[in-house]
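Below sits a lone chain in structure tokens, taken as the form predicted on its own.
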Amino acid sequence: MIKHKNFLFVGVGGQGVLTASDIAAQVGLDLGLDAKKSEVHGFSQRGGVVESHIRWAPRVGSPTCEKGTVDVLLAFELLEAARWIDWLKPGGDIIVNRQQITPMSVNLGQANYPDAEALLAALEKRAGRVIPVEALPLAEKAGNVRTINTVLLATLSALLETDPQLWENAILRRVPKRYAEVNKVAFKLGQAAAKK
């Protein structure tokens, strides 16, 4: 049984990071734990960085994690995983969407996007476990690219070995009813991918 867990969800505006963090906090409550979250939007509506801290424990004081204490870093974009690696505790886990969203500095020719395999190798040196996920193709297969967050939450549920039904129920309570079926499909695809 989970007693304490610190999560950091990071990504780019529009990827569903904040919705996913709401759902993860709800699952913590459904597990009978205290759960708190904190988020920073930044320039999220312009494709900027979004971060959300989620903490589960019998009693949570601060909603934010301290650097070096995150059990699970869930990155919705590959480069964001590398940017936030210092927040991961030694031996912590990383779930990373392999999707690459080009930052403005790269679009302007001021920088280069690092090689994907080099980024993954660097993450593997720092983490106990790195789980790369092809979330965008799975979301597309489910029928809506906006279900990337559901695919990643399915992977997180498998990593934590928690009841997938708790996660699916929390997702369905949070998303509009018209998107219920596509989210169910995305969750099942994410679960299947996590088991491979």
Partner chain sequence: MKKLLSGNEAIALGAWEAGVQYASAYPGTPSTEILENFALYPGIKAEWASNEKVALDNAIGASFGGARTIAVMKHVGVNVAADSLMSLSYTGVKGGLVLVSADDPGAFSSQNEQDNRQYARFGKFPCLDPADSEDARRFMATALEVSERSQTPVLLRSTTRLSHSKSVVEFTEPQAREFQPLPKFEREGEVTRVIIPAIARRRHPEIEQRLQAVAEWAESAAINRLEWGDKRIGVLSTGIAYQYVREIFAGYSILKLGMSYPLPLDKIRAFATEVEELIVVEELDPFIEDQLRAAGIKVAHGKDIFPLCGELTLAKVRAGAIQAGVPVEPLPGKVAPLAELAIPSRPPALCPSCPHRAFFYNMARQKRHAMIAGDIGCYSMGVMEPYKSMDMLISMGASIGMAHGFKQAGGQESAVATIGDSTFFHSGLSPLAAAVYNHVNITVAVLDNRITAMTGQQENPGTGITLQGEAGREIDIAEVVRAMGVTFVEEVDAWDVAAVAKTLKAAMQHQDGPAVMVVRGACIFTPHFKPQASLQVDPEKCIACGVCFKVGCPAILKSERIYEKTGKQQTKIDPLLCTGCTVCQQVCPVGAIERGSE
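It should be emphasised that the depicted structure is a prediction, and the values quoted were computed from it without experimental measurement. Numbering follows the first chain given and starts at 1.
Beyond what is shown, the protein has a form predicted together with the partner chain; the following relates to that form.
Chemist: Tell me, yes or no, whether residue 39 is in contact with the partner chain in the model of the complex, where a contact means a heavy atom of each within 4.5 Å.
Modeler: It does: once the partner chain is placed as it appears in the model of the complex, residue 39 has a heavy atom within 4.5 Å of it.
Chemist: Considering only heavy atoms, tell me if residue 162 and the partner chain come within 4.5 Å of each other in the model of the complex.
Modeler: It does not: once the partner chain is placed as it appears in the model of the complex, residue 162 has no heavy atom within 4.5 Å of it.
Chemist: Flag residue 134 as yes or no: does it have a non-hydrogen atom within 4.5 angstroms of any non-hydrogen atom of the partner chain in the model of the complex?
Modeler: Flag for residue 134 set to no.
Chemist: Although the partner chain is absent from this view, report whether residue 143 comes within 4.5 Å of it in the model of the complex, heavy atoms only.
Modeler: No, no contact at 4.5 Å.
Chemist: Could you pull out the residues of 21-38 that have any heavy atom within 4.5 Å of the partner chain in the model of the complex?
Modeler: In sequence order, 22, 25, 26, 29, 34, 35, 36, 37, 38 come within 4.5 Å of the partner.
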